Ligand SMILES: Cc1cc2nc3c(=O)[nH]c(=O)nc-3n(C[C@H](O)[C@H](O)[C@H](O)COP(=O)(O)OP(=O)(O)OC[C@H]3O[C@@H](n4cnc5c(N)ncnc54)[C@H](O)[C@@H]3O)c2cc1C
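Taking the form predicted alone, here's one chain by itself in structure tokens.
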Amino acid sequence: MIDHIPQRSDLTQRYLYSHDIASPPIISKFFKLADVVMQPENEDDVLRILLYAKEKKIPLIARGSATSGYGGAVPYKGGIVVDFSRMDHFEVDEERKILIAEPGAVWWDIERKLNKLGLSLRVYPTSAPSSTVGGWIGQNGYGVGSLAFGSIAENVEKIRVANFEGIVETRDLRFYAGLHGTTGFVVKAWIKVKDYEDLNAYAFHVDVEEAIKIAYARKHYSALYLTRRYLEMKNMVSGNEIPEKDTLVIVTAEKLDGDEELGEEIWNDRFYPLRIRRAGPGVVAAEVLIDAEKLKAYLNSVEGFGAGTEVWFLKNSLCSVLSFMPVDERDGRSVFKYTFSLKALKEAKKLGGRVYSTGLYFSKESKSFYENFDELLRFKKSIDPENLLNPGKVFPSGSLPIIMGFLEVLS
């Protein structure tokens, strides 16, 4: 029934498909390896995999490019990793300005095609050169363009989802977006796009309070704030010589009185976090969502840990804050520095903030993260009573949430 579906079962491939971009060393030893990797080529293949897993009671884990660091694509309890890379077809309804994409379509491939048609994405992740449609919807991420257009879920018209009950096509994303495939796998999405426009990027050397005023003064497309420490790390890794001062970059169709040359240089390197995560001797990342009015206090906290930070300003005075702290793995005490993400989250929660995403590592935060968590849990149990769809993610289970809670207390 599933023999025709491309599969990978050798030890090396199973190992590679059992990690994401983070895989924290303190807790990754609790993970199991994938039993097998399957690569469906169409919707029927996905349904066959679901039927097989249900009959055999085998966990299923959806995977795009695993560019997130929240464990959503990690086979925590083993099972079948469903790699959607072969389902990468997409097309554009130019008249309605709608992108129709399979889950494995890569965002930057889409953007290049849209630009040729005089269109562009409204929002896309900072991992756009490799991340996929299904993965970002599964996380309900924010990114480039979210100042004007919000999260990816706010830009999706409808989706098709495969689960143990078959195919569901819906405009109601509450039970799917941001749930990491725990309630079904997105097999197609209808996403709003916009007319292409020439955007200019302007840099301003300002403190965070002034940056907030400028970012929200008018309706700009994007606003990015980089701390001095972040730019020091960026220059060290990239060899660039960007002025190491707190810097705001505004991307807009308007003409502003800022440094356009510097703004364009920083903006053209906006996918930089993908590289800094891999910088040696090592870095630890922490990502939170926090209200703009509390941003200054939060930045003061993480800078006290020695972290450099980038801030994406979002709709409704919300900020996505990504901080990096260097770790020298040759230092025997470095294992304690890996709790930086937990320390940063504690500081954010004191200020009314929350983790950027739950996934596996922060499933213990789900009850406060999702306003309708009890409703989601009832839905999960109704369509997946055996807990086979990406177990351990979003809905806490096993020992890991207890371990993470213990580490947070100690951090």
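In this text, residue numbers run from 1 along the sequence as written. Please read all numbers here as calculations on a predicted model, not as lab measurements.
This protein has a second form, the form predicted in complex with the ligand, left out of what is shown; the following refers to that one.
Note on contacts: among Ala34, Ala66, Ala344, Leu50, the single residue with a heavy atom within 4.5 Å of the ligand in the predicted complex is Ala66. Judged by heavy atoms within 4.5 Å of the ligand in the predicted complex, the contact stretch among the candidates 57-65, 344-352, 35-43, 368-376 is 57-65. Taking non-hydrogen atoms only, Ile21 approaches the ligand to within 4.5 angstroms in the predicted complex. Although the partner is absent here, Lys234 lies well away from the ligand in the predicted complex, with no heavy atom inside 4.5 Å.
Using a 4.5 angstroms threshold between heavy atoms, Phe185 counts as touching the ligand in the predicted complex. Taking the partner from elsewhere, Tyr356 is found to have a heavy atom lying within 4.5 Å of the ligand in the predicted complex.
Applying a 4.5 Å heavy atom cutoff to the ligand in the predicted complex picks out Pro103, Pro125 from 101-125, in order along the sequence.
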